[in-house]
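Below, in structure tokens: the form predicted on its own, a single chain.
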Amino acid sequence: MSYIPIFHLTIPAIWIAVLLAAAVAKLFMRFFTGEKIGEWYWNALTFYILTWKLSYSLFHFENFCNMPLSILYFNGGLYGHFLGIVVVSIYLIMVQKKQWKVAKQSAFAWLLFFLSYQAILQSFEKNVVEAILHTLLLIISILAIRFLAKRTDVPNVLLLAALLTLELLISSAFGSLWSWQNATFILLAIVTSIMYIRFEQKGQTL
């Protein structure tokens, strides 16, 4: 794992990549697809970070009781990560009942976020070839969402499935298919795709 020095702090590159990807994906949605993402986007990210961080007290209860301030330095680890993903999934399902645009935006936003995250992270890790492939797929996804997703003769679900499959092929070419990153990608892709399918079945179009 790489680390990025910022002033007197050394921060894991993975977390810099997460924050940059979140900002970049929101800009891409706004300027290249015309979709202005609502506050649900940052709420979901905040819920994930808080759950991941605070779950340390749940999975390391004895250590937390002995040293409560240890929660400032540690997190819930892999279990905390997946608990955070479950919380985000539940939040998205609940919020899309009141804000129907979430069902349409979340699938594309998640795809752009994950591709941006992989391109940025692999650049930090100096994995040049992998970073280039993720960047190329990111550009293809932006063009596909901008020009194909608005056509009535193009099934958006199949378009999303094709882009998601290409991303999995790239990730598996440089590592194990069964990684926690791919599991996270697949889980949220399934949740957001199901929401999008229900959105289309209701006939709610912009």
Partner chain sequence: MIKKILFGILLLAAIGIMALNFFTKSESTKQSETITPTSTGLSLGAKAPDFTLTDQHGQTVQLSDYHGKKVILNFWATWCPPCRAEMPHMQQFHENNLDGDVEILAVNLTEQDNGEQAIGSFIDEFGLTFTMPMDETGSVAQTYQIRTVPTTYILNTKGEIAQKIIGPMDEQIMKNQTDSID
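Positions refer to the first chain, counted from 1. Fair warning: this is a prediction, and the values are worked out from it, not measured in the lab.
The next section is about a form of this same protein that is not shown, the form predicted together with the partner chain.
- When you look in the predicted complex, the only residue of Leu159, Leu45, Leu54, Ile37 with a non-hydrogen atom within 4.5 Å of the partner chain is Leu159.
- Using a 4.5 angstroms limit between non-hydrogen atoms, Leu148 touches the partner chain in the predicted complex.
- When contacts are judged by a 4.5 Å heavy atom cut-off, Lys26 does not count as touching the partner chain in the predicted complex.
- Not displayed here, the partner chain is approached by Leu166 to within 4.5 Å at the level of heavy atoms in the predicted complex.
- Though the partner is left out of this view, Thr135 does not reach within 4.5 Å of the partner chain in the predicted complex, counting heavy atoms only.
- For the stretch 47-73, the set of residues having any non-hydrogen atom within 4.5 angstroms of the partner chain in the predicted complex comprises Tyr56, His60, Asn63, Met67, Ser70, Tyr73, in sequence order.
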